[in-house]
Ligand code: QUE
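Single chain ahead, written as structure tokens, the form predicted on its own.
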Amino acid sequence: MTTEPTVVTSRDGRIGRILLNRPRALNALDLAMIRACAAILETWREDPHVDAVVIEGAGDRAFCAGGDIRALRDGQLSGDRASVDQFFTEEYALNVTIATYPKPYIALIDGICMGGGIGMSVHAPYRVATEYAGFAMPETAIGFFPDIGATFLLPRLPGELGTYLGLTGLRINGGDSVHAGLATHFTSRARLPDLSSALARDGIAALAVYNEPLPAFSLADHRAAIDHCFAAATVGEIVARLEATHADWATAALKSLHHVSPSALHWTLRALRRGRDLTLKQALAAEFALTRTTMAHPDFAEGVRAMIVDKDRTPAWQPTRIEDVDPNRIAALFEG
């Protein structure tokens, strides 16, 4: 029985193509996929026949749903921290490669784009989203934090949108992702294959031809309120401001905040505030250190169990309430 490669690469006209090819796993990244992407990008870096790189996800459900978090939990619980460190080291190095690549790198994003999928796309200069794209950083729901450079990216979105998205983990669609700055172009799913072909023929000039008018930003009327609520200095104050905001979006945000790990909310807010003053490389180095301390917290193993392993979606957080999180314990995570 022949097993299909999880990353398919090819030359097509003026471009090099990368296809993330684990559609049943929503194209989630494992270490082999990260290494395959890194290797082909190095091969094409000096290739005079490759003018640009186009990356897509197989199937119509996801561009990339993130990293293989189940395997990372297994490594943490078994004491095999070396394998966990290796994954993050190589994933973050790939994020830097994408951000600094000398040739145009174009991500065609259709379906779910979360976590590591954002790292494979949003660091690039060209990110095309369809109406079926769904961007999210839902790490607080598994007792983790938005990594892959998200502590650099999210604070640089307009106003406090990044804090709102990073804490709640709520998903935004393709049109909203362009308004928010996570994507740069909007092309409908029906036209995406034609755009992909045109890129091989015409290069990045095709992006302008296939760029479509944006739908209205669904959060436009709430921007000022989002900025007010999520500019607060503490998670508790964010919650208080949301509770005083009588609007459907605030109710949805509160519901999310009360579902995710209370401890993860606190360390994520601190990481996002710190990331405002860091370069991408500095943010990734700080995130790497934070993976070691936060993954040792019981909420990480429990969150992944509840959301991914057993899928009962009833995590037993320690502590269970936002107000019971010890700020000294959170501060200690940033000193490890």
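Residue numbers run from 1 along the displayed sequence. Here the structure is a predicted model, which means the values were calculated and not measured.
The same protein also exists as the form predicted together with this ligand; that form is not shown, yet it is the one meant from here on.
- Under a 4.5 angstroms non-hydrogen atom cutoff, this ligand in the model of the complex has Pro138 among its neighbouring residues.
- Among heavy atoms of Leu290, none comes within 4.5 Å of this ligand in the model of the complex.
- In the model of the complex, this ligand sits within 4.5 Å of a heavy atom of Gly66.
- Within 4.5 Å of some heavy atom of this ligand in the model of the complex lies at least one heavy atom of Met307.
- With the partner omitted from this view, the residue of Leu269, Leu26, Met295, Ala36 that lies near this ligand in the model of the complex is Leu26 [heavy atom within 4.5 Å].
- With the partner omitted from this view, the residue of Ala99, Met114, Leu207, Leu161 that lies near this ligand in the model of the complex is Met114 [heavy atom within 4.5 Å].
- The stretch that touches this ligand in the model of the complex, counting heavy atoms within 4.5 Å, is 140-148, out of 243-251, 118-126, 230-238, 140-148.
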